[in-house]
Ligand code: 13P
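One chain follows as structure tokens, the form predicted alone.
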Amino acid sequence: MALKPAAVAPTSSELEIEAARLADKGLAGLGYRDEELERAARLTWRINRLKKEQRAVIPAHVYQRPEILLGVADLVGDSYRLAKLCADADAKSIIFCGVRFMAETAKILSPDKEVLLPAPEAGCSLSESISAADVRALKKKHPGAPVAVYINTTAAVKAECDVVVTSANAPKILRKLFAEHEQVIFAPDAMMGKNLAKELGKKLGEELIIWEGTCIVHNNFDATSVEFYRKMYPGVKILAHFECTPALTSVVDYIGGTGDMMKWVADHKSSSYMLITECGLGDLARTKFPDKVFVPMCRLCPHMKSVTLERVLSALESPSAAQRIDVPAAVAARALRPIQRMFELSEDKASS
């Protein structure tokens, strides 16, 4: 029987041990003071106790707050990794620390699990930039062209497409689509679409049809500041997310998804690194690579940062109707196939 929420509270000794655990995990190195560690520890202790009692799993996107990533998350990664891990998780419920489209994807892949989104208002400028009707109009205008949509889309939009992609696997999947088609539709991230056109050598508007959606975080980085930072930090290696503008990605050392960026840092030696993306990745990188120097140039995502430990705890103790994620069966069935197609194409399991 699960403990009653009122009974779940740490003793002073347990609180001290939990605060020390959080400090050792990396929060102290990120500047958390003793009182902040104690505040977080009171919550993380209760969350970790309750999730075991309830057989709940907590996936967290790399853009989440450090106290969530290091304190309560069972699964940490980018959209692709979390989609795979959630599907395989042995749990009764999923408390998704991310945004709505991610929780919807988890529900599509795990229809028998309860999926809760601690911050139900957590949206995404990309997913909100396109509707299912928009996709149908694109298909009507470009008949025969396969539709690849970024994972940052609603379940209803995914249901209208041929394959879902992430920033990590988009180049590989689009190459396979172009091997069989002269024209491909990619939506909704216009900046990512332009970067893909350049990388694949395809003509925008003719071979690669894109949608004019943008990420409120990545669309606002200033390419002109890169030269300044290179002078300030000689030898710095600058990495940018695929969602940044082509003007910026053309002057950095590497472009890719969050998982790609972390791997690049792990595989290379440099005097310093700059990760041009949401600030959460930089926090995670500093804890994962404590001996490496990271130059800050990031922006906060208000949607990602709307998830807090308090809201995670509320989803475990007394979830509201708004926190429960439900995808209509008909939509989920249609959206599942392009997600599975993504796994097949990205892992070379697709039939010819």
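Values in this document were obtained by computation on a predicted structure and should not be read as measured data. Note that residue numbering follows the sequence shown and begins at 1.
Not on display, but discussed next: the form predicted together with 1,3-dihydroxyacetonephosphate.
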task: Flag this candidate site as yes only if Gln54, Phe96 and Glu114 all have a heavy atom within 4.5 Å of 1,3-dihydroxyacetonephosphate in the predicted bound form; otherwise mark no.
output: no
- prompt: Thr105: heavy atom within 4.5 Å of 1,3-dihydroxyacetonephosphate in the predicted bound form?
  reply: no
- prompt: Is Gly257 a contact residue for 1,3-dihydroxyacetonephosphate in the predicted bound form, using a 4.5 Å heavy atom cut-off?
  reply: yes
Ser167: touches 1,3-dihydroxyacetonephosphate in the predicted bound form, heavy atom cutoff 4.5 angstroms: yes
- prompt: Does at least one non-hydrogen atom of Glu160 fall within 4.5 angstroms of 1,3-dihydroxyacetonephosphate in the predicted bound form?
  reply: no
task: Spot the stretch among 282 to 290, 55 to 63, 314 to 322, 37 to 45 with residues whose non-hydrogen atoms come within 4.5 Å of 1,3-dihydroxyacetonephosphate in the predicted bound form.
output: 55 to 63
query: in the predicted bound form, which residues of 207 to 225 put a heavy atom within 4.5 Å of 1,3-dihydroxyacetonephosphate?
result: His218
